[in-house]
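Only one chain is given next, in structure tokens, and it is the form predicted on its own.
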Amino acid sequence: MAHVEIKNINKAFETGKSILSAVSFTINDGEFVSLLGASGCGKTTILRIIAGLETADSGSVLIDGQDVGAASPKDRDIAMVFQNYALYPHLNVRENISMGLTLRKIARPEISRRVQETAALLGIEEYLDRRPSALSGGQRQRVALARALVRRPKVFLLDEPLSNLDALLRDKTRSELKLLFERVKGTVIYVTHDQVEAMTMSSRIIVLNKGRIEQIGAPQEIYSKPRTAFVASFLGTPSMNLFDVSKAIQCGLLSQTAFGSKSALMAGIRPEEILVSQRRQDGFVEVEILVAEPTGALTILTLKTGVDLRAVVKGSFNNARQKIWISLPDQHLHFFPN
């Protein structure tokens, strides 16, 4: 395990376009931290800079208090799992897992013991003599993880390791990964664009947007108290409703009392926080259902109002054009600068 500190990292393309701007954060021993953001936000670049595969234009990377900026990747005591697994096709699983240990001239009996132990941990003992081409995507992903785990590094770096798996296998593997790293107590930096992965697996999330950090916090904190409109809209399915304050006041969805003296120009509310009634009630506004999307226990409603709104309700509703009444509770409203 290790303590990782990123201090004021800046990185730009040769064209001068910024990739990372003043990125700073700290990861404690044994933490599982996700870098979350859309494609192109700089999260993989941060991972590669920590690994030593890329160099920052300025700033520093410290592992256990030691600046590793001048250290080669092999001397940083990290292990990286790539999106495409990067397995050697001409080697069998046993040889793929043990390659790093062999290059470090670890004694053969110790290599054999570690490989067997790690394979058992990941449930791939029966595949040790197969080549990667004879494995499924989920099995190859486990081999790539085993190759990282067997080295017992200070830091694990995972770059979207589940993105090549189908939805069902991704859900299953996600929970397995969480249990695995709780067991090995590793320090993990996990890159993903998938909010569900970040929310369910992480002790903390770092939300990135266009090379800058938007917010750092525990999953529930970021979901419940987003600091920016970007964070509010990026987390949640469906995402948070964001709308112009003045328009919401005009159509009766938002009262001047709720808005108060806030200087924000944009308001937000989670779809599941909107109160929905099929009967007229005081304080509720009549709206029309444009689209009803049943998902089983819940239904997602797209509503015709003065602003764009979606609501999530229990049970089923009739198709479009049904009249309902809604209310936006003051305590669940968020306000942001435009």
Partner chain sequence: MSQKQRKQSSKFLFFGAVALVCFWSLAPFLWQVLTSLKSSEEVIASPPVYWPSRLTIVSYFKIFSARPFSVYIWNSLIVAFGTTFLCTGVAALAAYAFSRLKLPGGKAVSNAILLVSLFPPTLLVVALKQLIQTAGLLNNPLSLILTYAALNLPFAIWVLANFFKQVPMDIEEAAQVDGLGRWSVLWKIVAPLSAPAIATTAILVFIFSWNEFLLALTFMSKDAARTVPVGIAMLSGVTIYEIPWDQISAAVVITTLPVVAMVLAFQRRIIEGLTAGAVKG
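Residue numbers count along the first chain shown, from 1. None of the values given here were measured: they were computed from a predicted structure.
Omitted here: the form predicted together with its partner chain. The next part is about that form.
Looking at its partner chain in the predicted bound form, residues Met80, Arg140 and Arg147 each place a heavy atom within 4.5 Å of it. Only one of Leu168, Ala107, Leu179, Leu103 comes within 4.5 Å of its partner chain in the predicted bound form through a heavy atom, and that residue is Leu103. Listed residues Ile213, Ile111, Leu121, Met99 were compared with its partner chain in the predicted bound form; Met99 is the one with a heavy atom within 4.5 Å. Figure note: of the listed segments 216-224, 124-132, 169-177, 233-241, the one touching its partner chain in the predicted bound form, with heavy atoms no more than 4.5 Å away, is 124-132. At the 4.5 Å threshold, heavy atoms of Arg310 stay clear of its partner chain in the predicted bound form, well away from it. By the criterion of a heavy atom within 4.5 Å, Arg151 is counted among the residues contacting its partner chain in the predicted bound form. Taking the partner from elsewhere, Thr228 is found to have every heavy atom lying beyond 4.5 Å of its partner chain in the predicted bound form. A residue is said to contact a partner when one of its heavy atoms sits within 4.5 Å of a partner heavy atom; Leu275 fails this definition for its partner chain in the predicted bound form, lying far away. If you take 78-98 and check each residue for a heavy atom within 4.5 Å of its partner chain in the predicted bound form, you get Ile78, Ala79, Met80, Phe82, Asn84, Tyr85, Ala86, Leu87, Tyr88, Pro89, His90, Asn96, in sequence order.
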